[in-house]
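In structure tokens, one chain follows: the form predicted on its own.
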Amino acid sequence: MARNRFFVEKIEDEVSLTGEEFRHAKNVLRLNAGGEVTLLDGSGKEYSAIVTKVEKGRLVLNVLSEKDSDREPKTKVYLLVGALKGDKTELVVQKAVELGAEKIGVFSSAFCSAYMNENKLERLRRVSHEAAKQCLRTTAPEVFYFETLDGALKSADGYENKLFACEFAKKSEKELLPLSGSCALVVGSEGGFQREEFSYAKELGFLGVSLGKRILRAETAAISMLSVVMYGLGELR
């Protein structure tokens, strides 16, 4: 059975677990002195640790050992998705973390009817952390918000494959099977994209990608596209 996993800012011989991670460990998991856990610092390593003291507002742990993890993807994949209504953006973030995205960008565009604020963004970041722990990753992908599509597209500079999924792409300009190199993927919100937005993306080097004959819900499109790309990169084999 996998040990409970917690993210900390820095690994030392003695580590304090505070804040939300402490509250979860103490109030939900009921961890006491002698309990063994796994600590994560986003470096790609896992650290075995034991609880030595339970104090007001913190758990004190001693680090026993460390090991490299093989759970992180070998290729960088950046998912950019239009803000979605309700809790659908949370669903996409959760599944993107499980599938191996390196980072996730949420953006607003012309036909986007959802909105974001700092509280929602913080919630998405918590979803990323929880999903990373659940699927045994050692890093929690960063989640960013862009007020414009322009900002989102320009944040993908430097990726070897820049792929833009929308209904205007009657056929894919890039084969996804097989695929190699870092990838930036763009999927719209429920309202889709304007033709002008698609044209602008192509000016920035994005290639149009078709996701088939049927119109997919935005969350289905994001998860499906990421799944196909990760398979094409060999990450799901």
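Worth saying up front: this structure is predicted, and the values here are computed from it rather than measured. Note that residue numbering begins at 1 and tracks the sequence as displayed.
Below, we refer to the form predicted together with ligand SAH, which is not included among the displayed structures.
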Based on heavy atom distances of at most 4.5 Å to ligand SAH in the predicted complex, which listed stretch, 204-212, 58-66, 35-43, 174-182, is the contact stretch?
-> 204-212
Joint contact, S108, A114 and F146 to ligand SAH in the predicted complex, by non-hydrogen atom at 4.5 Å = no
Taking 4.5 angstroms as the cut-off for heavy atoms, does E102 touch ligand SAH in the predicted complex?
-> no
Should L216 be classed as touching ligand SAH in the predicted complex when contacts are defined as heavy atoms within 4.5 Å?
-> yes
Partner proximity in the predicted complex: Y47 to ligand SAH, non-hydrogen atom cutoff 4.5 Å | no
Contact test in the predicted complex: A221 vs ligand SAH, heavy atoms, 4.5 Å = yes
So which residues in 144-168, when you check ligand SAH in the predicted complex, have a heavy atom no farther than 4.5 Å from it?
-> A165, C166, E167
